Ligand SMILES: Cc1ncc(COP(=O)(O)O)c(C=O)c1O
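Single chain ahead, by itself, as structure tokens, in the form predicted on its own.
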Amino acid sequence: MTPQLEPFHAITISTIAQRLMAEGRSVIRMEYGQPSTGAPSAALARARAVLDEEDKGYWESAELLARLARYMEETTGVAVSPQQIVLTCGASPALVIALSLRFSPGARVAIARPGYVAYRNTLRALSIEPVELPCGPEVGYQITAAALAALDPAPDGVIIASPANPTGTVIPPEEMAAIAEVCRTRGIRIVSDEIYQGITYGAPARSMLPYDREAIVVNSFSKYFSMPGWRLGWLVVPEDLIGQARARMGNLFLTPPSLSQHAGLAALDCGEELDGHVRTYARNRDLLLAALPSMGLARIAPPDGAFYVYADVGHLTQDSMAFCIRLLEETGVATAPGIDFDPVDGHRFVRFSFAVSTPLVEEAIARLVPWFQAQKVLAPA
């Protein structure tokens, strides 16, 4: 039977937002994790120059592979060869390749709940069974070594995300080490989604590579590098999987856009500008956290990284999708419903993305505070 996938409900919210904008409404787009800061200036300049040069067609930049290998060593402390880097058309194809490399149909892979909607749906599309582990405030909304150790039977794999979507939570280094040890002991293969690396507001998030050299790492230019529309990502794979990783990329997706590869290479040397973007997200985070008590939103996941606040609105609704639609229609602020990230408890959560500009965060707060204050408080179910 063909696997049946749930829709990505934030896309429905986005469609409504676009309709309202077409009608002349002012809409603040906080439903997607999409940086508003734009690609670094040097990346844009390189792209403009390349447009006047000969089109390379299908192409994989050896220079970009080498630079990414150096970037991985700089940021993780682990030596990675350029051959271990596979360029992809964003993190989504990278996830497909990673999962198909490690797991066969019928395998069982653990994921956090709440967690990114595409983990669950991509696993199902590949006929792999998602094993959802409920992760609440008592464990920082993250998978723990203890939870993996308690699973019986052991899953074939686990997807780790730090910082995570939708919560922004970060796994502490000692827990990363413990997770890696449990996975080694129990034969659990790790896929580590690290697309929010570089966006933290305290201690930096750690890669899984120093703890498990056999982990497959997924990364992207969409978040820290502020280039979501350029559709450029990469995988780091163990040496024994290089051939099959490249075979999958070539057969399924060919190559990433050549223009994006040129721009990405330039972006890798724009750390000062990109860290300035993170400082903008930090200001936005502080503004939103300061405003949440006035909205009556006290139960949130600690946004230690990424650019999200995942908030419990269960005192106001038991239908987060309907709630987000009404919020959008009445205030012009688009948010993501928790049901995308948690099919069990997500009906009582919403996710705010603060990756928009600071003035837009300020305007969103000005709209949200009186709206939330005016809501009739319902008794929890």
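Bear in mind the structure is a predicted one, so any value in this text is a computation, not a measurement. The first residue of the shown sequence is 1; numbering continues from there.
The same protein also has a form predicted in complex with this ligand, omitted here; what follows describes it.
Note on the partner interface in the model of the complex: the residue among 112, 91, 183, 97 having a heavy atom within 4.5 angstroms of this ligand is 91.
The single contact residue among 141, 224, 116, 281, judged by any heavy atom lying within 4.5 Å of this ligand in the model of the complex, is 116.
Taken together, the three residues 195, 220 and 231 all lie with some non-hydrogen atom within 4.5 angstroms of this ligand in the model of the complex. Annotated contact segment (heavy atom within 4.5 Å of this ligand in the model of the complex): 116 to 124, selected among 209 to 217, 257 to 265, 145 to 153, 116 to 124. The shortest heavy atom separation between residue 169 and this ligand in the model of the complex exceeds 4.5 Å.
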